[in-house]
Ligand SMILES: Cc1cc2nc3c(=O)[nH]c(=O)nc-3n(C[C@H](O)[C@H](O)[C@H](O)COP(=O)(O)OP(=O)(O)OC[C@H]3O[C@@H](n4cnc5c(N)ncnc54)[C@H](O)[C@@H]3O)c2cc1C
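Taking the form predicted on its own, here's one chain by itself in structure tokens.
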Amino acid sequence: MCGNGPWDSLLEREVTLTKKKELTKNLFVLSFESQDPFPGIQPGQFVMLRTSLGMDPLLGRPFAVCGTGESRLELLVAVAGRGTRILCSLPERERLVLRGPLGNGFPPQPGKRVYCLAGTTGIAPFLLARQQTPKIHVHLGIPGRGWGGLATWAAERIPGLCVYSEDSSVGIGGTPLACIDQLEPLNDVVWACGPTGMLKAVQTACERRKIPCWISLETRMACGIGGCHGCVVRTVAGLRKTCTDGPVFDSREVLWND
């Protein structure tokens, strides 16, 4: 287990919850303000957020940044356990501890057309990417109507967003993988973020078409700075830490079946 040491860093700061928007019953957009400006944040980088100023819960939770301003950032938070439940129940003006930005984001792709494939909350880094690079193409996959609030909110932020639903109740029936067959190996690149099963399928489809692909892994993390070895992933280069070597990897590096 990590001790208090990993949080003793200049990257750590106190932030204030300034706005909470409910998209669905268990999905929220949280806005935070800091007294000091945030450094430049790459799409795909993340922050570790402590859910209280005290020691319970002890560890922070990792969240990809979905929007930034000079001293403001937004996080897309799904209730998945005790920590996120506490976080999403906090009142506005609550003060919290945030660490970041951390990790490596999606690499620049000069001269390439970028297609971003997202599974549900995997849309977060691509909201930031669209804010910084308006010409990217974003495709969002959701299970069905229960995620309609996410699709509506994301479409307001990303004009031209292409939405797919597995039950055909929202947008196009199917998944974002449908767009890969239309891509050109020399001109296009794929960025993907979502559940592991989706990322593996994206890698398979891109490899078949010889499309370069970068994926952001959703891995459990404890410290976010490589101190606890809790987010190790197997790659062709050996064991790598998602928090410091990633979370974005060339999809060909990851040994999916290991």
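In this text the structure is predicted, and so the values were computed from the model without any measurement. Quick note: we count residues from 1 along the sequence shown, nothing fancier.
One more form of this protein, predicted together with this ligand, exists but is not displayed; see below.
Segments offered: 148-156, 170-178, 79-87, 109-117. Contacting this ligand in the model of the complex at heavy atom distances within 4.5 Å is 79-87. This ligand is not drawn, but in the model of the complex it has no heavy atom within 4.5 Å of residue 210.
Interface residue remark: residue 142 is not counted as part of the site for this ligand in the model of the complex, having no heavy atom within 4.5 Å. Among residues of the shown chain, residue 121 is one whose heavy atoms approach this ligand to within 4.5 Å in the model of the complex. In the model of the complex, none of the heavy atoms of residue 189 sits within 4.5 Å of a heavy atom of this ligand. Exactly one listed residue, out of 219, 68, 34, 31, brings a non-hydrogen atom to within 4.5 Å of this ligand in the model of the complex: 219.
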